[in-house]
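A single chain comes next, written as structure tokens; it is the form predicted on its own.
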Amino acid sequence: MVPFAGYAMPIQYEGIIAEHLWTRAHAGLFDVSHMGQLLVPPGEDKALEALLPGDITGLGKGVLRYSLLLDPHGGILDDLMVTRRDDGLYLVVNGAVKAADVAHLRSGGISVDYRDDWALLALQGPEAVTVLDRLVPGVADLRFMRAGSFAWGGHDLWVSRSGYTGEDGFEISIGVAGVEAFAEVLLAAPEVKPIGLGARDSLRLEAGLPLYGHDLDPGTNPIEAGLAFAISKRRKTEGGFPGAEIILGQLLGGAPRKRIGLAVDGKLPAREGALVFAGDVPVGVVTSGGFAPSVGAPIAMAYVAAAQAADGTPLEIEVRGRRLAATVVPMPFKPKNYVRAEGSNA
């Protein structure tokens, strides 16, 4: 257990590799209650749009949208999920910056209700739907990036078919009074094991998903980060979000650097902060890296100069005083397994 964002968080239970592979094959339960759950009342869509590049006014009920809080220069203050509910807009933000996010939203004139009386669980893996639908009938009807209200044992649940592992799965918001009992019932299922932060990190890395504070920060903009999809079509035309001139300029003309995936030769993993070289010239830096259990080899994410960002480009990473051969590869490193439409995975 380690302290993180004011919480005691588990790194591992039986081992990172075992937990990682269990989640890929079965179902893993993550306690992600350190994340910030916020409610913005109805009628504040436009005010929220002034702070991020997503189409909030056009967001349908029960639809999730990935978006970004941006500073005046287009730098990423946080990445988050926004969902429309009957009682307003539901935001899930990163735990380490949730206090700063609340202050930033309020400084933009937005009313924010920080719900620290809600816990958040993530049930991830191909058997997650079987387990959860036994306890909460109807959740199997949700598709990827859709959410709805359910109930269990007298407790209200807000369930979304989403997660940060690249697998099918769910995130479940429940009042703190009911979360322990609900987690114990989930863990009693033979398909489910508890999973710690170590495997959560290796799972999202294999899925090519950036982690705030490592792969994303105020020195990074959405185009460099490969997150142009978070800029809704209408906002690309209208602008009106922080840093729009810089971001839309790079959208048309290209960014000077890009977030890339790297396949690393050998068995030695490259870690955050390692320099990336093209010949003798430093061209970038690793922001996330480690051994990928499902791939069976070390992988890394890095930002490199645009000229070295094409798939297939040979590069080197400096690790412990030696150079490791690496190749730029497309992400995700392992295909995602989201249930997007009836009977289909993508």
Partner chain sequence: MTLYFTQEHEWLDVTGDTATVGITDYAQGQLGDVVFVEVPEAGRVVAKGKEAAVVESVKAASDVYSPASGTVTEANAALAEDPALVNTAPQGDGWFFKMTLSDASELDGMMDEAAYKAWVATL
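Residue numbers count along the first chain shown, from 1. Keep in mind the model is a prediction, meaning the values are calculated, not measured.
Absent from the display: the form predicted together with its partner chain. The rest refers to it.
Its partner chain in the model of the complex is approached by residue 11, whose closest heavy atom lies within 4.5 angstroms of it. Put simply, residue 332 is far from its partner chain in the model of the complex: not one heavy atom of it is within 4.5 Å. Put simply, residue 268 is close to its partner chain in the model of the complex: some heavy atom of it is within 4.5 Å.
Contact check for residue 66: every heavy atom lies farther than 4.5 Å from its partner chain in the model of the complex.
Considering its partner chain in the model of the complex, the lone stretch of 31 to 39, 317 to 325, 278 to 286, 299 to 307 in range is 317 to 325 [heavy atom distance within 4.5 Å]. Residues are counted as partner-facing when one of their heavy atoms sits within 4.5 Å of its partner chain in the model of the complex; in 2 to 40 these are 11, 12, 15, 16, 17, 18, in sequence order.
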